[in-house]
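Next up, C-alpha cells for two forms of one chain, structure 1 and then structure 2.
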Structure 1
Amino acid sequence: MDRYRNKATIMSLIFMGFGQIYNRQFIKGLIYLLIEAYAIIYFSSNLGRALWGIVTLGETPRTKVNGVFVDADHSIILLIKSLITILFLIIFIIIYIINVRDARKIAEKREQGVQANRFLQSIRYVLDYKFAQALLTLPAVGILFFTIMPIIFMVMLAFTNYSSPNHIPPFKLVDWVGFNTFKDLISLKTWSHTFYGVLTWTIIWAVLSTVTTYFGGLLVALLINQKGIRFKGFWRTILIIPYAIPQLISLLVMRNMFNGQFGPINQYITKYFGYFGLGGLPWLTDPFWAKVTVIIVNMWVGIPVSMILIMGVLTTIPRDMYEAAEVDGASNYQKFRIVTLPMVLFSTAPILIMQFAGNINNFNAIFLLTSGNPVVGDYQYAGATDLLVTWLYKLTLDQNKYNMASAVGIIIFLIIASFSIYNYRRTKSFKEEDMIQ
C-alpha cells in the first residue's frame, strides 16, 4: 500500500507542486507550482552569471573607447549580485525540500485513509502547530538580507584585494587573495605596528572605562543608599540626568567644552589658576591627555547606568544578612566587604562582562569626542584614541581600504563574540530557561 507515498514523492521531485496536486491539494499545489515556475525563469537568466561572477570577480574593467566609457564588469556589484542569487537559490532549495516532505507526508496519511486537508484546513494547521515558524518568517527575511548577507559579503571582502588605490572598481578589478590581508595586518611592518598599537589601546580603554564606570556607579549608589542620607530620590534623579541625555548631544557638547583653545574648561583654568602658572591643558590635542579626557567623559556618561543597576541590586540584599553581621560585631567596612560587595558582584557579573564587550566596540564615545585624534605620525590612518572599531570606520569611509577594514572587523567580532558567548552560556537564562515557568 505504499504507491501513494512513492508516487507523490517522485512527482513533487519532478516539479514542485505536482505531488500536492496528486494529493488533491490544488491550491497549495498551484502555489508551489508558481514558485517553481518563477524560480526557473529567475535562475535560468541569473545563476550562470552569478557562479561565474563569484569565482572570477569579473574579467574586464570599465574602459574608454573613443572617449566614451564602456561599462564592463564591476567586481563588487558582481559579488553582491552573485551573493543575492545564491541566497535565493538556498531559499529555493529549502522550499523544495519542504515541498517533497510535505507531499510524502500527506500521501502517507492518505494511505491510512485520512483525507488530505483542504486549503483552509492547511492554514489552520499552520496557525495551530507551526505558529512560531510562521511568526518568524518575516523577521527572518529582514535579518537575512540586511544582516546576514552584508556580513557574509564583508567577510568575503577580507579575502580580496578590494582597496584603494589599485583595486577600486569600476576602472580596476578586484581579485581573491586568500589570507594575504590578514598576513599583512599581522606581519607587514606598517600595518602591524598600527594594529598592535590600536589593539593595545582598545583593551586598555575597555578595561579602564568598564572599571571606572562600574566602581564609580557602585560608590555613588552606596553614597545615596547610606543610612541617614535624606532626599534619596532627589539625588538619584539629579545623578541620572547624564544617562537620559542622548550621547550624540552630550559627547558633542563635551567636545566643545574640552576644546583646548576656545573651550570653557581651559578658559576657567587659566582664569582662576593662572596665578599658579597653570595654563590650559591640551585636552584633545595631546595623545596622553586625549586618552585621559575620553576616560573622564566616559565616566560622566557611564556612571549613571551602573548606579541604577547597582541600586537595584542593593535593594534585593536581605536585611538579615546585615543584622547577622552586626551581631558578630562587623564594622561598616566589613559589612561592605563581606556582604554588599560579593552580592553586588555576583548579580552584576554578566552585565559587567557585557559592558566590557560593549566598550571594546564603543564607537560613539571615541568618535564623537575626539574622532580618534590626535593623529599619530607612524600609524596607518589611525589616531592615538582610535579603537579598532573607529579605525575600521576610517579605513572604510575615508581611506577605501575595504579589505583591511573587513579583516579588522572579523578580528573585533572574534574578540567580542568569545566574551559574549562565554557569558551567555553561563547565565541562568540560557541553562535553566524553563525553570521559572
Structure 2
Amino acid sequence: MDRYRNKATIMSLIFMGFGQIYNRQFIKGLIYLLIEAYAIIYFSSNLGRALWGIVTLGETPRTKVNGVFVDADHSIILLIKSLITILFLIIFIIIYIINVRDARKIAEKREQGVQANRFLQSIRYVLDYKFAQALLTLPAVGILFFTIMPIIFMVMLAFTNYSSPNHIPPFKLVDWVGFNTFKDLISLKTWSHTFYGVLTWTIIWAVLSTVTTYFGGLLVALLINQKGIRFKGFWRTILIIPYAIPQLISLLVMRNMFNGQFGPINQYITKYFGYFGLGGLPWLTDPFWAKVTVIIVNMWVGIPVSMILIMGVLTTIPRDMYEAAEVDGASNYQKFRIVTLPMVLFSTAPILIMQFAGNINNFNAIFLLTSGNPVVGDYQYAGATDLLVTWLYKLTLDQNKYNMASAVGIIIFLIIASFSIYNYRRTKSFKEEDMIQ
C-alpha cells in the first residue's frame, strides 16, 4: 500500500520535482526542477568560496605593485557574501524539505484513491485557505536578509579583531579571535574601567529617567483629573507641547539654554539670585551637573507621554470601585493607594517595561544634549554622560573599533532582553490578561 509514497519520497530526494512528476503534477514538478537547476548553478560557483571566506576571512591583503593596486581579499566583503550565500542555502534546504513532504503527501492521497489537486486548484486552495501564510512569505524573506542578517553580522564582528589601526580592510586582513574582545572589555584595565563606569551610569540613567517620567506623568494626570480644575483642555495642550515638537529641536534648544557661559538659565540665576551668593552652575561641563541636566530635560520631554497614557487609563477605572471605597470610609489617599495606583500599574506595566528598555538605548537625549560630555580623562573614548549606546556610536564612527562596539552591542541586547523577558513573565498584566475586559 505504501508503494507510491516511498517511490515519490525517494524520487523527490534524488532531485526536486521528480516526486511531483511521478504523481502526475507536471507544472509543480517543473517549477521545483527549475529551482534546483538554478540552485546547482548558483551554489557550484559560490558555496565553496563562501565557506572558505567565512573560515579564513581572506588570505591576501591589497598591495601596490608598480603603482597599481593588486586584487586582494576584503575580509568584511567576504564575510557578508558568505552570510548571504549561507542564508540562500538555508532557504534552499527548507524548500527541499517542503518538496519532499509535498511529494509524499500527494502519493498518500493516490494510495487512498483521492484525486490530488491540479496546479490551478492548488493555487486556488492557497488563495482561499493559506493566503495569509503565502502573503507573509515575502516579508519574512525581507526580514531574514535586512534584519536578521545584519544582527548575525554584528554578532560575528565581536569575535574578530576588526578595528583600527592594524585590521582595517582592504590593506589589512581581519582574523577570528574568539572571545578575546569580550575578555579585553571586562578584564583589561584600559577598557574595563570605561565599560563598568558607562554601564553603571546607563543603569542609573534608565532607572531614574523611567521612574521620574512615569510618576511625574501620573502626578500631573491626577492633578488635571481632579474635580474643580478649570480649563482642563488648556492644561492638557500646554503640557503636551514639549512632546509635539520634534525632539531634535527641543534638545538643541535646551542645550543652548543650559550653556554655562551664554545660556539664559545661568544668566537669570546670576541676575536674580546673585545677591544671595548664587552664581551660574556648570550644567553641561561638570560630570555631576551634566547628569542632573539630562535627567531634568528628559523629564520635561517624557512626562507628557506618561501623562497622556495614564489619563487614558484613568477613564477606564469603573466609578463603582470608588463609590464602594467611599462607602467603606476610605480617604482620598486610601482610594489612590487601593484603587487608582494598582489599576494604573496593571494597565501600564508593559509600557513601563518598554520605557525602561528604550531609556537604556535613549541615544537622542544624551547625544543631542551633551554628546556624552564632559570628557573623563581616564575613560576610553567616552564621556561622563555617555550611555552604552552612545559609547558604541563613538567606538564605531569616531574610532573604528568595530569589534569592541559589536561586543558592547551584544551586551546591551543581553541586558534589555533579559530584563524584558523576566518582567514580562512576572508582570500581572500578562498573567491575568482577562482582568480587564
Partner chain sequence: MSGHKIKKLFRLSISYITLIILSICAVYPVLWVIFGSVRPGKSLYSKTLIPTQFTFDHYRELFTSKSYMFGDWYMNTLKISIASMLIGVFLTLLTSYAVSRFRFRGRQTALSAVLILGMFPGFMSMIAIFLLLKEFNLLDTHLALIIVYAAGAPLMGTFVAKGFLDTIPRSLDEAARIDGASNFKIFTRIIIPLSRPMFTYMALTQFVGPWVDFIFAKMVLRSKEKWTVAVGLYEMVNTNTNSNFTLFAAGAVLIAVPITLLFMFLQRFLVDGLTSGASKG
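Along the sequence of structure 1, residues get numbers from 1 upward. Nothing here was measured: the structure is a model prediction, and the numbers come from that model. We call the rigid core the largest set of C-alpha positions that still match within 1.5 Å between the two forms.
**Student:** Between 1 and 2, where do we have the form predicted in complex with the partner chain?
**Tutor:** Only structure 1 fits here, because that chain is the form predicted in complex with the partner chain.
**Student:** Could you check, with the core superposed, whether the Cα atom of R255 shifts 2 Å or more between the two structures?
**Tutor:** It does shift by 2 Å or more.
**Student:** So, does N225 move by 2 Å or more at the CA between the two structures, with the core held fixed?
**Tutor:** N225: C-alpha displaced by less than 2 Å between the two structures.
**Student:** When the rigid core is used for the superposition, does S164 move between the two structures (threshold: C-alpha shift of 2 Å or more)?
**Tutor:** The answer is no; the displacement is under 2 Å.
**Student:** To one decimal place, what C-alpha displacement in Å is found for A330 between the two structures with the rigid core superposed?
**Tutor:** Displacement of the alpha carbon, after core fit: 3.5 Å.
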